[in-house]
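We begin with a single chain expressed as structure tokens, specifically the form predicted on its own.
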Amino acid sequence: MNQYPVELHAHTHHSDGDFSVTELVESALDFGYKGLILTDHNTYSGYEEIVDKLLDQKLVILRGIEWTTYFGHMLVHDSKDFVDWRTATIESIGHHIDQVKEAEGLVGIAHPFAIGNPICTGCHWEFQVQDWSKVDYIEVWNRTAPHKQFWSEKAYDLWTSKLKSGIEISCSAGRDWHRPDAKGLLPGITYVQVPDKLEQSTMKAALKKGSMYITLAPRLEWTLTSQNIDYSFGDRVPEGTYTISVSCLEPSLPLLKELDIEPKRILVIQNEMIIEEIELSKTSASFRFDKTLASGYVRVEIIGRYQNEEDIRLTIGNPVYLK
């Protein structure tokens, strides 16, 4: 399996961003992204310009939009048809999500606990979702230095509460990229894991499945193995005994390598209970052990020091689900 860094939440001057579409694509390439979803507010016009200028031949790019309403912002990724956000109400959002799914689109909840009125009208999620299983991911990390944002912990708690209730749902990171970031401030990165080459189809399939993780720097590899078959992020497997292989690896993006970050331990978590805690004596390490896993889900996090702050979640992996 191969892992690729992608950005799921970005803007240009087609809405409120300072980037032209060319500047956004070139900035993404310079940073080291391999994939990008353009999510201008309530318009697809930026993606149309990308296609006209053949910029999608430089980078794997999916069409997206950020539904921007009075009751919340919703990322709609790669919907084949236009779905109108203007008639969405707090109570009717489920109907609109159904329309997005019928159009083969992916649904992400953007910055659900960001400050709302009067600072940012609609930025705080108020929609009443009746069926969370139709939501593909919750943006647990938003903008740069997400571990410092007070709403990140609330978004994490929302995501894990849905997991504990039996819903298969992923976490994502969104740079919410509007303009060049302040020096020294870096975002959380979403890595998608695909069998081979990153293409539009494989990128979308990974996002839909939950074959991805988010990180402030360290890369994460992990598998559950049974009868010589490996499973990883987003897979659905029967309960039973598995060999767990987990690795904490050095960052792959140049700017992340410059950060003063020290991974200190790996947590293996089942149904929000820590079932294995591994102390790290170096920044890159691999481990292998057997575990009997009951129904629910299992996932992995890397905890450590981020510059002068201790006990920071550096990496959050999406689950393997056990039935």
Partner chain sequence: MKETILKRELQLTEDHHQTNINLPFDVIEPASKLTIHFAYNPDEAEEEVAKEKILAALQRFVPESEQKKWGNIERYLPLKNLITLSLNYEKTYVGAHHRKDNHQTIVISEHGSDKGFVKQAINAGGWEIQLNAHCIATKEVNVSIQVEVER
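Positions refer to the first chain, counted from 1. Keep in mind that what you see is a predicted model, and the values were worked out from it rather than measured.
Just so it is clear, the following notes concern the form predicted together with the partner chain, a form of the same protein that is not shown.
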Legend entry - Heavy atom within 4.5 Å of the partner chain in the model of the complex - the one residue of Thr223, Gln193, Ser252, Gln149 that qualifies: Gln149
Legend entry - The unique member of Glu126, Asp98, Asp181, Glu104 whose heavy atoms fall within 4.5 Å of the partner chain in the model of the complex: Glu126
Inset, instruction - Would you check whether the partner chain, in the model of the complex, lies within 4.5 angstroms of a non-hydrogen atom from each of Lys134, Gln270 and Gly296? - result: no
Inset, instruction - Answer with yes or no whether Pro238 is in contact with the partner chain in the model of the complex, where contact means some heavy atom within 4.5 Å. - result: no
Legend entry - Arg86 within 4.5 Å of the partner chain in the model of the complex, heavy atoms: yes
Inset, instruction - Using a 4.5 Å heavy atom cut-off, state whether Ser284 contacts the partner chain in the model of the complex. - result: no
Legend entry - Residue contact check: His41 to the partner chain in the model of the complex, 4.5 Å heavy atom: yes
Legend entry - Among 211-219, 134-142, 244-252, 78-86, the region lying within 4.5 Å of the partner chain in the model of the complex by heavy atom distance: 78-86
Inset, instruction - Counting only non-hydrogen atoms and a 4.5 Å cut-off, give the residues of 216-246 close to the partner chain in the model of the complex. - result: none
